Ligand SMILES: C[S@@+](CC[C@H](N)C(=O)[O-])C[C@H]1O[C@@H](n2cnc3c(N)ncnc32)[C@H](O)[C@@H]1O
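Given next, in structure tokens, is a single chain: the form predicted alone.
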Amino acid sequence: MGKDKLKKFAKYKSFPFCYENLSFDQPQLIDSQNQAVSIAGQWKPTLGVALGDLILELACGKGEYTVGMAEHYPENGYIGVDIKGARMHQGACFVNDKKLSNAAFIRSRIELIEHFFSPGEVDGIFIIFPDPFLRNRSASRRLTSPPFLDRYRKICDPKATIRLKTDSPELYKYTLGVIQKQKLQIKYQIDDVYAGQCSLWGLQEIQTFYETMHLEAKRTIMYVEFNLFT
């Protein structure tokens, strides 16, 4: 591992709003003081959220949505989750520089997500440009696959929605198929996010690192938001 990446890991771990867990055997969060902590059920008061929602950004990368949404909607709490600490380092630095008290990050595998939150604690989930895992054998690794939706149901409020934004036609079509098969309700379906004006704030206003590249390559960006529970 390069020295620059090690520095980013160390910087990420130094922030009090950054946590990590890399163990399937002991799925407990570790804070900036290298202490095991249990925040499940206490995320809203921890982030200063009184009446707002708690929203996760899964596979958050550099955390552009976590930061952008936290800044625009200070009444809500936002938590970015990813395994790539060096990438999240950038989002963590933005949160620190902007002094956002309503944002946090968790470095961990998303397969462990149910261990970090209490039942019904999460009000919504963003999945922004995730790996589409295009090989057929990898379908179960897609973040909108039935196994992952079942994980989300263990921690989400009955009114929670999943919000997928992707440039992958294969992942988009697959997700629509899962929605139909599970008889879930679609709230918004936008087959081309940039075809015209969009009433959902953030879809056009916040662009991730990869989204910028996709747009330069003239790729179509798609979005679907659907209820997690029937």
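It should be emphasised that the depicted structure is a prediction, and the values quoted were computed from it without experimental measurement. In case it trips you up, residue 1 is the first one in the sequence shown, and so on.
In what follows, reference is made to the form predicted in complex with the named molecule, a form of this protein that is not presented.
- With the partner left out here, the named molecule still marks one of 25-33, 170-178, 55-63, 38-46 in the predicted complex; by a 4.5 Å heavy atom cut-off that stretch is 55-63.
- Three-residue candidate spot 8, 94 and 102; no residue lies within 4.5 angstroms of the named molecule in the predicted complex by any non-hydrogen atom.
- In the predicted complex, residue 128 approaches the named molecule with a heavy atom inside 4.5 Å.
- In the predicted complex, the named molecule sits within 4.5 Å of a heavy atom of residue 108.
- In the predicted complex, none of the heavy atoms of residue 72 sits within 4.5 Å of a heavy atom of the named molecule.
- In the predicted complex, the named molecule lies farther than 4.5 Å from every heavy atom of residue 21.
- Think of it this way: in the predicted complex, the named molecule has a heavy atom of just one of 86, 149, 155, 83 within 4.5 Å, and the residue is 83.
- In the predicted complex, the named molecule lies within 4.5 angstroms of at least one heavy atom of each of the following residues of 177-210: 208, 209, 210, in sequence order.
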